[in-house]
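For this one, two forms of the same chain are given in structure tokens, first as structure 1 and then as structure 2.
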Structure 1
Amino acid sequence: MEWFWPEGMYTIVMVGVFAIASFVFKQPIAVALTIAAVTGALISGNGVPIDHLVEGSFGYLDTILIIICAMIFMKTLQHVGAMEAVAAWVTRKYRHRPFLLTMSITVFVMFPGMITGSSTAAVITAGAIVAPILLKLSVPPVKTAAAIAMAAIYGMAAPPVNIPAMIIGGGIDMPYVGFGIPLLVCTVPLAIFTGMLLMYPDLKRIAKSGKSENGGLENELKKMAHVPLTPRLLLPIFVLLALLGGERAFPSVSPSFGMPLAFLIAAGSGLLTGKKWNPYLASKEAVRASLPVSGILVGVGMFIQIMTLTGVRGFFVVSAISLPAWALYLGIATSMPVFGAVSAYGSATVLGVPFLLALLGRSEIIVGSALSLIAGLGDLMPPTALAGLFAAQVVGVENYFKVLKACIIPALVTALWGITIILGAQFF
């Protein structure tokens, strides 16, 4: 018991207070995390360390700015009608080819997650657009929600922006460079598998029966395609690709704006698409949509700062490093998704870094990529369940646990794929 005392006790109290505050007292996750952090500080004899709480709140400030600005970009695409136009075009083009439709919808849902690094952004922007299409195509609501949630999580893990990988890399001073291909290897096969499992059978059945010609779907597509899909409408996407891609492809020539500014410039180019929209309204909607995630990041920052202050974080690192190999892999596959109940970002910070330290000697970039993928599964874990809960809401499924049940097989395969990649990392 000596190894467990007192840090293990602090862990149990902090996690317990968090669970009670969020489950029993129905506090927002951000507030529950802050209450748990303050309790942790109090029981460890540190009083209420305002300085540490404020310091912790800064932990993810850059991430918060990226998410808010990326959300402004996504809301711009929504307001100019580009998202709906693309979704309608893809559905019309591929509705008789279920495999291509499945893949297109998966990529469409992943896209906002890829550029914002947030599964929530993917669900509430692209997920909300494809949900009515999938329902009209007779995909059951629970499967629709599960497919959107899983695609959003793979989008969050896919390049170019993977915030858990940035956090894990930051923990061992590893720059976020060279992650592109490993992250694609981590996510693309899983995205294909999950799409085939959750959407393809129903889309194939509907395509074969000819019901994809039904009037309900056509009306939905007409509503969505009120703006014709032209290259000019996609200008914000081209500008973003030029700014982010140019910075990476020609670092000596292209100026480095940073992601938030690049997103805002790209969003500003939405004014040149020829479609009337209100930038203030789009920005306000974006900030409102980002507040829950931003609040969680502030809360996670405080929680982790107090974990560091009380020695709980060190306790995790020492425990992870001293685990035998089999327990280490089992621990990665189970504890990282479970800790996602706090937040996937928190899981990456608290568990991702010690696990990466325990696996030093393999390709750290590949291991970090796989760990970030497994951490992403935390966005299915209640009570936070950022991807799952929002997906259930978007589709109108009241009982989230039905969605979670439908996600179990893809989640298990994701964890296994992540472990396989970690095992394979020793050969690189």
Structure 2
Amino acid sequence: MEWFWPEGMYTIVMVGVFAIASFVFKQPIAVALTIAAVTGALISGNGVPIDHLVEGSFGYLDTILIIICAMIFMKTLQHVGAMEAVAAWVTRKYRHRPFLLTMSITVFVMFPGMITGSSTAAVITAGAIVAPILLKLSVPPVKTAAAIAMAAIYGMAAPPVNIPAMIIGGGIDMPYVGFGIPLLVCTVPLAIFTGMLLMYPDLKRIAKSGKSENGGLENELKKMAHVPLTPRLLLPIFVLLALLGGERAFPSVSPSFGMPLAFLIAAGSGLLTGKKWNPYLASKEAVRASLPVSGILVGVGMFIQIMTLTGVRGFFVVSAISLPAWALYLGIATSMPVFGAVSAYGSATVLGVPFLLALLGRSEIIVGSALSLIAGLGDLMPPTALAGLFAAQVVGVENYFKVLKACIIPALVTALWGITIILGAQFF
């Protein structure tokens, strides 16, 4: 009968309005979250609490700044030609060594997601670059799309920027510190497994035959390597590593710039690469690309604020704590990816925080890392399926469900690995 308590009804209404606004009326996720937040405030008798809505909208301002500045950094790498030059160099060097080529391509696709915290950014930047290479190396289009989608999701969950983990940690006032190694443990084994499953067999076959069935690989590589790969071209990456790594390796002597400023300084060093490019145009593209994700975080902040105001957040926590252990783990493995069909960030907000509170007593950092990994699977779930749909588009697969079918085994292994890490967190 607990679902007929006021908080239970508020929960049903808020989640229902959110789903109707996003699925039925096709509203952007940020708008749907805002509508659901306002509706929750109204039915709970709080009117339209402007102060709470404004406070909530600024709840993830730090994360939004990181995303925008990270996207400016990625667009800088694109505009100077570093991304394509690296992809061409890696393919030439390892095309006859399929394992190393598989791992290199996987890391290459993950990299933008690691920097921006967005699987979509990984697909539309690195994914779009490697897709023609994989196709010309005779990897089937469906497998290519699945490999890109999964690598993008693992990149989103990998350090240094993991937005779902930031959201989950923010829900219990846990700073985003110390997540690096747990997130690597969560993602690296899965990235290796998925690459070996989806890309390695075809790359190995082509390496043995000494040719690609589709042909035209050399022409594609020459077109991509229009800018020679030199250390000077990679200067922005070196600067970023120095700024972020130096602060962690030498905290007593290295100045603390913060992630947003570090990304901007690294992007500014792109002016010294010797390649002419337009910083204003790159920044404009970056801000435009980051606006949808930033809008979602504004909506997520308002949604959480009203959940707290109306008692819904506490209701979720009490409900999660009252579940038996087997139901709790089953709920984590199934409900987080399914709810993530609307947004992985929304899943981290609505479900990740209560699940983490239900598992207090274990290492919160390890549990939060695993929950963020499982929430990322929502980017495969239709109808939104951000990572999967964009991967299908860059490869040219019209029927997305073929790509989803190819992702089932990696997704199941990902969910099981996440649950395994949560179970092991009690020993830390």
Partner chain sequence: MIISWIYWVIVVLVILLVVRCLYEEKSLREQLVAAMVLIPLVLRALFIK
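Structure 1 provides the reference sequence; residues are numbered from 1 along it. In this text, rigid core is short for the largest set of C-alphas that superpose within 1.5 Å between two forms. Computed from a prediction, not measured in an experiment: that's the story for all the values here.
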Please state whether structure 1 or structure 2 is the form predicted alone.
-> 2
Specify which of V318, G59, I68, V188 corresponds to the hinge in the chain, comparing the rigid parts between structures 1 and 2.
-> V318
Rotation (°) of the smaller rigid part relative to the larger between structures 1 and 2?
-> 9
Displacement in Å of the C-alpha of M14 between structures 1 and 2, rigid core kept as reference | 5.8
